[in-house]
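Just the one chain here, laid out as structure tokens, in the form predicted on its own.
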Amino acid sequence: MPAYEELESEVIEKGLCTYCGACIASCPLFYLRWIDGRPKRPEKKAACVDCEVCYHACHRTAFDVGTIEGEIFGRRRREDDDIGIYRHVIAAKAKDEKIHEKAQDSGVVTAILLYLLEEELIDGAIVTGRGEEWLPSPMVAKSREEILSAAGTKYGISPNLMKVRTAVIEEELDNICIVGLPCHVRAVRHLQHINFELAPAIRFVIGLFCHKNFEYARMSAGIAKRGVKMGEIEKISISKGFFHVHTGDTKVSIPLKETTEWHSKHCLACDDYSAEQADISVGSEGTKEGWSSVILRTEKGEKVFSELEAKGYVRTKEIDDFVTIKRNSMRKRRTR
């Protein structure tokens, strides 16, 4: 009978844990916690003896991609589905200038969340907030102000799914949207597949493109070596082979080849670049600066995006460079 001990030995200690937070959310008695940058059970309880919940909640212990794709899309991915299953691909940007004051690139994800909230399609969203000195931190956003405060990319591990129980049980939210990296998206779909008790509250899933993530401690140390303090940073971005750190009028650009030692170990086992099981996937590559590439994957995702476009939340155009997205996707599959 696999339990937390097996989860720890087979996944966490082997460096396969994506730190998504699903195991923490799954624990019905809150015994698992986020401690020192990883999921831990500080003390074994009697209730743990015959409990397998956290083990089976982990998408690293089992992820039936074919069955799950069938549940989401009605079919499984074919060999020629270079970026996964999708219905439409476009470029888009938010129209609201207040969003652009906070957003990383186009503000599309923020615009989608605001539309869902203002149209009462969701009660809140689980997103990555920013703690002190750019430390990623999961948060439940229930208002326009909270959604705007979470805009912009934060690099590093954020156990977003640990907030599912917080959102549904403590905050009493009935309909939520989860925003995350491909590993978060897979974790969500796995929870839905195994009929996790709180999964019905998850109405929308937005995925973000990801080559690899960084370990915060290594990243911050690397940035410090370039003479920049994390507390001084106003924006972090990646483009054209460089990791850019913006501080006021100054921009320090670090070649990506010099950041490989920052990469999270679990990323080496990931073959998903564009969050292939999301309702909507969003990323900056494939479009010009100030725009985002948007992959509408599910019927639900396409319908929502069409509605928010009609109501003036975003402007759209044809994508500039679809080839790059396909190339990045195929490259990540080959490197697994």
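Note that residue numbering follows the sequence shown and begins at 1. Owing to the predicted nature of the structure, the values given are computational and were not obtained by experimental measurement.
Just so you know, the form predicted in complex with a small molecule exists too; it's not on screen, but the next bit is about it.
Only one segment in the set 215-223, 244-252, 76-84, 153-161 has residues whose heavy atoms sit within 4.5 Å of the small molecule in the predicted bound form; it is 153-161. For the candidate set Val228, Val89, Leu208, Ala201, a heavy atom within 4.5 Å of the small molecule in the predicted bound form is found for exactly one residue, namely Leu208. Annotated contacts: Leu117, Val304 and Glu309 are all free of the small molecule in the predicted bound form [non-hydrogen atom within 4.5 angstroms].
At a distance threshold of 4.5 angstroms between non-hydrogen atoms, Leu173 is out of contact with the small molecule in the predicted bound form. By the criterion of a heavy atom within 4.5 Å, Gln104 is counted among the residues contacting the small molecule in the predicted bound form. Taking the partner from the other structure, the small molecule in the predicted bound form has no heavy atom within 4.5 Å of any heavy atom of Cys27. Taking the partner from the other structure, the small molecule in the predicted bound form has no heavy atom within 4.5 Å of any heavy atom of Gly124.
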